[in-house]
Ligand SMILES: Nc1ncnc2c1ncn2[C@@H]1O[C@H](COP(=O)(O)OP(=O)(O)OP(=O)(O)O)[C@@H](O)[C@H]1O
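Shown next as structure tokens: one chain only, the form predicted alone.
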């Protein structure tokens, strides 16, 4: 479980997060939703220690993020940020192999190579593993970065808007794969915490939902509890109708 207690975060005089008290369960895939500027990415970055905590505490399965050595945190969680800057002439297998750095520190062994093979297979990248990144489509590149995080072999995989710039085909394919690796027993069964804007992907693939608004926790619970017309209309300040498809909410936010 990720436990967040009394977390506030300011940028200058602007309050970004306000008194966040939250438990992220070991529930497969948890999605963080909310309007632009709600503090979603900031919260994810604080959990991953990409930004320093200003107040409060965060622990990951009992490990205090503020006090645990970086090398130990890197074996507990992996994060794939919105923007990833790497050399375009890097091959896919080498990129995915970077995820093993916390374990091998520059000297890859058989276990590391096996983890890379599993990550490439999990995200359907084996046929692309020798290609350079700039030879791949945007969707294939995104899968490669997520596979790098998966290869890190952590219990927790954090994804910040993994569907950015993906078309419908690649977005659905990526969410299906992320959902698959979050299942218990599937390639190790990872706990996934992700920021997602498209609500219907949350409805289809998430097990737990946290909704932020103006830096505060507005709602949390199962998708069928959170993705209702009343809750979403209040969260986004617009009229949102919700239907049902195959037992899951279907959010009609586009009409």
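The model shown is predicted, which means the values in this text are computed figures rather than measured ones. Positions refer to the first chain, counted from 1.
Beyond what is shown, the protein has a form predicted together with the ligand; the following relates to that form.
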Single option in 228, 200, 68, 41 placed near the ligand in the predicted bound form, where near means a heavy atom within 4.5 Å: 41
In the predicted bound form, which of the listed residues (56, 35, 223, 28) lies with a heavy atom within 4.5 Å of the ligand? 35
Would you classify residue 161 as touching the ligand in the predicted bound form, given a 4.5 Å non-hydrogen atom cut-off? yes
With the partner left out here, check for me: in the predicted bound form, does some heavy atom of residue 11 sit within 4.5 Å of the ligand? yes
Do residue 165 and the ligand come within 4.5 Å of each other in the predicted bound form, heavy atoms counted? no
Would you classify residue 130 as touching the ligand in the predicted bound form, given a 4.5 Å non-hydrogen atom cut-off? no
